[in-house]
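Next up: a single chain in structure tokens, the form predicted alone.
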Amino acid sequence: MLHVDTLHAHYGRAHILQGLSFHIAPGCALVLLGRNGAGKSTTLKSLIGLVRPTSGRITLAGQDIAGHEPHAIARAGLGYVPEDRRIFTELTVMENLEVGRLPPRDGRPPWTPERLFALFPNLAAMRNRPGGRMSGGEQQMLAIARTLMGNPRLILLDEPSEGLAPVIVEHMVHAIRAMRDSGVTILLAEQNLHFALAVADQAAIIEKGRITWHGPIAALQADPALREAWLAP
């Protein structure tokens, strides 16, 4: 579904991504793990076009998207939920969902408000509530639901468990598993290892803009020395 090959990206003169390479199979959930400043968020922003790669290749379902504008990448089927959510606080839940609507693709059943309310039951009771009057966890659910309204082939989630209450984190685990089971391919950047272990099939560890390990999440869970080497504070 997604192939990233020798990706380089800069912020000004700072060389953040230094030859990043990894791939994600269709229907898989891959978590990008690493310490603060390793390049996780920059990777997602480079994929969606908010950071223009210096060099390298990105293909989504066989289509080259490297260096394209974000709106063109979104239309190609890549959805993005940023860490700060960026919902429209003056718009209601239903209006936020309508903003994200794009046509169905690949013959798959489209995401509809009712289907999303089944995925996020908390939103069903507040469909007419403005986004600014929702909790952080509810806003996170809305941000993901709005992105799914675009019927993405692959969705990028930047720190989806960040700052959420434990009960909301548990709801998020179930929702991401359901998304994956419905056929949505998922790439998430996470600091919360327990959350990552609960939702991902595969993991890639990034350190100083390079992938240092890539494999099944079960192998990472079974190897404390690996976690200590690359993920310990």
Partner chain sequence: MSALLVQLLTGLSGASSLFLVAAGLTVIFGVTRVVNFSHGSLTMLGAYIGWSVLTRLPRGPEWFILGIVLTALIAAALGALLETLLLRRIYRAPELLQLLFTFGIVLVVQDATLWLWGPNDLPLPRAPWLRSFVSIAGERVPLYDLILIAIGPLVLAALWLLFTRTRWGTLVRAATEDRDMVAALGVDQKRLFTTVFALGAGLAGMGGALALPDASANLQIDLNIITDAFVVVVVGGLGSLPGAFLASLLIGVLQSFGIVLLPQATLVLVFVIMAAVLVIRPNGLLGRAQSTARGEAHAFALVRPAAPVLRRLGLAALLLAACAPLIAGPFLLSVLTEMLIALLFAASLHFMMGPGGMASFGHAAWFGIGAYAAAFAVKGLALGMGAGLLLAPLIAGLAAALFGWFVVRLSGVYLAMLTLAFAQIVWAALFQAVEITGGDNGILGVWPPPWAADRRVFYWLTLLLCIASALLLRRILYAPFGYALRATRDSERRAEAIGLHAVHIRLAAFTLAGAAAGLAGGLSAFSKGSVFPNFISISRSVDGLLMVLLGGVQSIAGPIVGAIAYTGLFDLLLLATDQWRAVLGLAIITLVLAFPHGIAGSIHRLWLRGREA
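Numbering follows the first chain given and starts at 1. Keep in mind that this is a model prediction, so the values were computed, not measured.
Same protein, other form: the form predicted together with the partner chain, not shown, and the subject of what follows.
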Residue 77, heavy atom within 4.5 angstroms of the partner chain in the predicted bound form: no
Close approach of residue 87 to the partner chain in the predicted bound form, 4.5 Å, heavy atom: yes
Using a 4.5 angstroms cut-off on non-hydrogen atoms, would residue 133 count as touching the partner chain in the predicted bound form? no
Decide whether residue 69 counts as a contact residue for the partner chain in the predicted bound form under a heavy atom distance cut-off of 4.5 Å. yes
Stretch in contact in the predicted bound form with the partner chain, which is absent here, among 120-128, 133-141, 158-166, 99-107 (heavy atoms within 4.5 Å): 99-107
Has each of 50, 95 and 147 got a heavy atom lying within 4.5 angstroms of the partner chain in the predicted bound form? yes
Given a 4.5 Å distance limit between heavy atoms, list every residue of 1-38 close to the partner chain in the predicted bound form, or none if there are none. 13
